[in-house]
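In structure tokens, the next block holds one chain alone, the form predicted on its own.
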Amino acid sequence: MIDARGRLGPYLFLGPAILYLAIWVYYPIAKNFYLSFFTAGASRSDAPQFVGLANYQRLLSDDLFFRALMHNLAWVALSIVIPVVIGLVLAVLLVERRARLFYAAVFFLPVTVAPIMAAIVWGWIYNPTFGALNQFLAVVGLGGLAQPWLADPATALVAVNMIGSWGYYGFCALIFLAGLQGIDPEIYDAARIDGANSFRRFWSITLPLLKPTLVFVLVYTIIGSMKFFDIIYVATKGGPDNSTQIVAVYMFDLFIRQGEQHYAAAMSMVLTAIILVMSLLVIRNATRRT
């Protein structure tokens, strides 16, 4: 009897978490997968019709979907190159400072700002008429660079990404700082005695020992970038000329405005699969033994 209780004990403790995930995560995914094989009837009163893989076949010829997917991938690249790298650099510079917690809190403040509010405020900053950015460029003698940042297809995606990067680099810095504090300082002391300079210590000690933290940040960035929605929807709604259209905004438009919830369900399943594959590839490559 005691052995039976001992074997069941872990499952009893895991039961609430498993039930929560089943209700709020696994069931919606399964339901979404089921809906992706149907299409709406001719009228709202008609029952959905089973169409098999027709919605997935439609995706293969949907140019806007592939364009939105490319924008998602560009967003992933920009989010890794800018806020992740900036966060890592800031963490390395702060880890040996006494006031590191104060600076980390200051850098973390943008994370506490609601993304929708950030998009609204940055929309004012980017405004071509009274925006602070164009006015600043004019003051420093670079008025020729002033332009409608969110209205120009050539700059809109990068401009919107800067809004997301502004609210994300502090999170990266805080996570990297926590990882750096877990590295034994004696390792750096030994490296200094052996004559290793700052770059060599960073490349040969910091990066290898920070790999678990780096993997977490990269996977988190990929997942967040691939399902990004709020800032782009508020700032540009996918425009101009679909230059900032991403898959999440496209799905929202299909589901809410066009009523094609079954096609949107198929699109979301494909996006989920892409996110899963990208995350697994990062984890596999980062944890592979050399």
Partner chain sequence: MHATFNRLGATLGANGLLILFVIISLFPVYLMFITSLKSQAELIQNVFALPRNPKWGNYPLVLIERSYYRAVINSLMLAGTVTIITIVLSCLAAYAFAVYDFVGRQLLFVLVLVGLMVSEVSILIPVYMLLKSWNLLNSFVGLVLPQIALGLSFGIFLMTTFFLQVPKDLVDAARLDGCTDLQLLMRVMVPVSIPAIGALAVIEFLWTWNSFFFPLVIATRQDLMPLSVAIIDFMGRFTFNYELVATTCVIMFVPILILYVLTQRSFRRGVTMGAVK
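Just so we're on the same page, rigid core means the largest C-alpha set that superposes within 1.5 Å between forms. As the structure is a computational prediction, the values presented were derived from the model and not from experiment. Positions refer to the first chain, counted from 1.
The form predicted together with the partner chain is left out here; the points below concern that form.
How about Leu35 - does it come within 4.5 Å of the partner chain in the predicted complex, if we only consider non-hydrogen atoms? Result yes; Leu35 sits at the interface with the partner chain in the predicted complex.
Taking the partner chain as it sits in the predicted complex, is Gln261 in contact with it (heavy atom to heavy atom, 4.5 Å or less)? Output for Gln261 is yes: heavy atoms within 4.5 Å of the partner chain.
Given that the partner chain is not shown alongside this chain, does Phe202 nevertheless sit within 4.5 Å of it in the predicted complex, heavy atom to heavy atom? No, no contact at 4.5 Å.
Is Val76 close enough to touch the partner chain in the predicted complex, meaning at least one heavy atom pair within 4.5 Å? Contact with the partner chain, no.
If contact means any heavy atom within 4.5 Å, which of 140-148, 124-132, 153-161, 202-210 contacts the partner chain in the predicted complex? After filtering at 4.5 Å, what remains is 124-132.
What residues, if any, in 239-255 have a non-hydrogen atom within 4.5 angstroms of the partner chain in the predicted complex? Result: Ala248, Met251, Phe252, Phe255.
Per-residue C-alpha change between the shown form and the other one, Ala273, threshold 2 Å, rigid core fit: Ala273: C-alpha displaced by less than 2 Å between the shown form and the other one.
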